[in-house]
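Quick heads-up: it's one chain on its own, the form predicted on its own, in structure tokens.
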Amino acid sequence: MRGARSAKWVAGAIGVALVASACGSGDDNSGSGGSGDGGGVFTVDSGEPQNPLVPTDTNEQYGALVIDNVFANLVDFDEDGELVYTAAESIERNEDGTEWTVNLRDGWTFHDGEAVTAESYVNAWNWAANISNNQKNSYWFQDIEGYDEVHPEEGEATAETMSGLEVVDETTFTIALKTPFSYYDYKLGYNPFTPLPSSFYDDPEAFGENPVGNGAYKFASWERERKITLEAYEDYQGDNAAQNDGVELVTYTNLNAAYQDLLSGNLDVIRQVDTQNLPVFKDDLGDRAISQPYMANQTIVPVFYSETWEDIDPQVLQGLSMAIDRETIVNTVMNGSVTVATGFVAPGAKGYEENAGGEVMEFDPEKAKELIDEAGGVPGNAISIQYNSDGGHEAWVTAVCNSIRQATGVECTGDAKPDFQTDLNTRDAQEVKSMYRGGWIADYPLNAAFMKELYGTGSSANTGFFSNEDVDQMFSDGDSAASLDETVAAYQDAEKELFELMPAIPLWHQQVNGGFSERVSGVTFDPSGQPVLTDVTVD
């Protein structure tokens, strides 16, 4: 998920750092619904969602924080990245991974009291996949038989539903895929695969302003540009029932303002500390400070629809990568709050390889200039890096530009947008001038999650519009491998190929730099960079 999204396995206290990106399930909370002994409402810093709150139209962090708590996924992941069933009782596959059977847990309801059934899932997925509904995450259903009929590359849909989805009974449905897929159950841990109640289809637009889900929290209100309020759902049937009465997700456009509110007791949980407060937040908060890595990375992404990058020799981008003194920037500007990247994949994902990028990820100013000059240089000898100014990025963007300029003579400037929503809208409208700051959080704990969703042709998150037939084929071969281990190995090969083509320049892997007030306890973060809301108790 960009600046957002979806990985959900809890690994101690893991959270957001200096990336505007996108939730979490509790660990051992049992029973159904309601708040625990730590009842009460608490506050968390957040921002304004980019789109209406529909699971298949949300792929940024602010909307995801709502979706991932109002809706429950079929599966989750434990601290080792292994599958844990949430709304699903079981998910089984045939021998070659072309057919999957989902069995649901009994007794689950939407927040309006309607029963969650197999039809709730099948209808939701069919609606989302249909091209006429223009959903950002429709791409996630492309592996299902019949997707091409409801979402053709050109023209209108020739079918209403995907032939690969079939309701067997109230709690069972099957998924037929176009080709073998070794890890499809992992993908089902992402929120486009959640169900929708029948009321959604009466008025999808109104639903996006007041969503009704099946998760641990029910939606209460949305005060635009101020806050979103969620309430604990008393009839929730999952194992991660809320240990509080609810949460207010408060909109901030300035991270320092959020931090000052935390210090003064006007905010309970902060997900990321502004750059200027990194040197002091551990002293300020003591044992209430949280600083640990999570499964995410930061990149700078060229937009291949621009005149600068449309026909660029990848060697130029390799040179720019080698012109960035990551270690110095991390240790000074970033105050050690992140770790230097050596590849596209973050540590913790299955298939992570140390030093995957080799010398391309090493600082070598002489080699950098040599590569750029040999390949004909950067057109116009100038680049810019777009970023959202409300996310604490200005200092490091400036440092990266200074490093590139000093090493190569290429002029580099920051292109600030006022907030994350404006930044995303500019990307989606294909109006980025040169490059943009890319923040990505794994949607599931596999190396594939850092590649196919970002660099596969047509992927909803591929807003740099990189496209390469050989890479697409490598991704496809990896997906259809006979086993998960073979899939992971195939994507390791694909990562090496990406460094030959440079769809993006990896910078560093993210680390939580957050904290909480004296008023709450039980605060943990999941590897998607979001606080595990259900675990928080109000003291």
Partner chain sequence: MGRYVVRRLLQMIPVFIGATLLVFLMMYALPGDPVRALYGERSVDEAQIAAIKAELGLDLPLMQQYWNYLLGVFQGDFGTQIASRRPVMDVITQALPATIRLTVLAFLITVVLGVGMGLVAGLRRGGKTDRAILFVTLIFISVPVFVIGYAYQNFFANTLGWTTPTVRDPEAWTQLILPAMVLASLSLAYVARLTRTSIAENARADYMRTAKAKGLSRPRAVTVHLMRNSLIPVVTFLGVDIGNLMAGAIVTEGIFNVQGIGSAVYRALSFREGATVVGIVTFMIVIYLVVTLLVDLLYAVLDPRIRYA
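The term rigid core refers to the most C-alpha atoms you can superpose between the two forms while keeping them within 1.5 Å. None of the values given here were measured: they were computed from a predicted structure. Positions refer to the first chain, counted from 1.
Not pictured, yet referred to below: the form predicted together with the partner chain.
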The one option of Tyr121, Tyr183, Tyr352, Tyr139 with any heavy atom within 4.5 Å of the partner chain in the predicted complex is Tyr139
Give me the residue from Thr117, Thr253, Thr398, Thr339 that has a heavy atom within 4.5 Å of the partner chain in the predicted complex. Thr253
State yes only if every one of Glu153, Ser264 and Asp428 has a non-hydrogen atom within 4.5 Å of the partner chain in the predicted complex; otherwise state no. yes
With heavy atoms only and a cut-off of 4.5 Å, decide whether Pro52 touches the partner chain in the predicted complex. yes
Interface membership of Tyr236, the partner chain in the predicted complex, 4.5 Å heavy atom rule: no
Contact test in the predicted complex: Gly438 vs the partner chain, heavy atoms, 4.5 Å: yes
Looking at the partner-bound form in the predicted complex, is Thr171 within 4.5 Å of the partner chain by any heavy atom? no
Segment that reaches the partner chain in the predicted complex - one of 316-324, 108-116, 244-252, 286-294, heavy atoms within 4.5 Å: 244-252
Looking at the partner chain in the predicted complex, which residues in 417-437 have at least one heavy atom within 4.5 Å of it? Asp419, Phe420, Gln421, Thr422, Leu424, Asn425, Arg427, Asp428, Arg437
After a core superposition, would you say Ile441 shifts its C-alpha by at least 2 Å between this form and the one not shown? yes
Please state whether Ser389 has a C-alpha shift of 2 Å or more between this form and the one not shown, with the rigid core used for the fit. yes
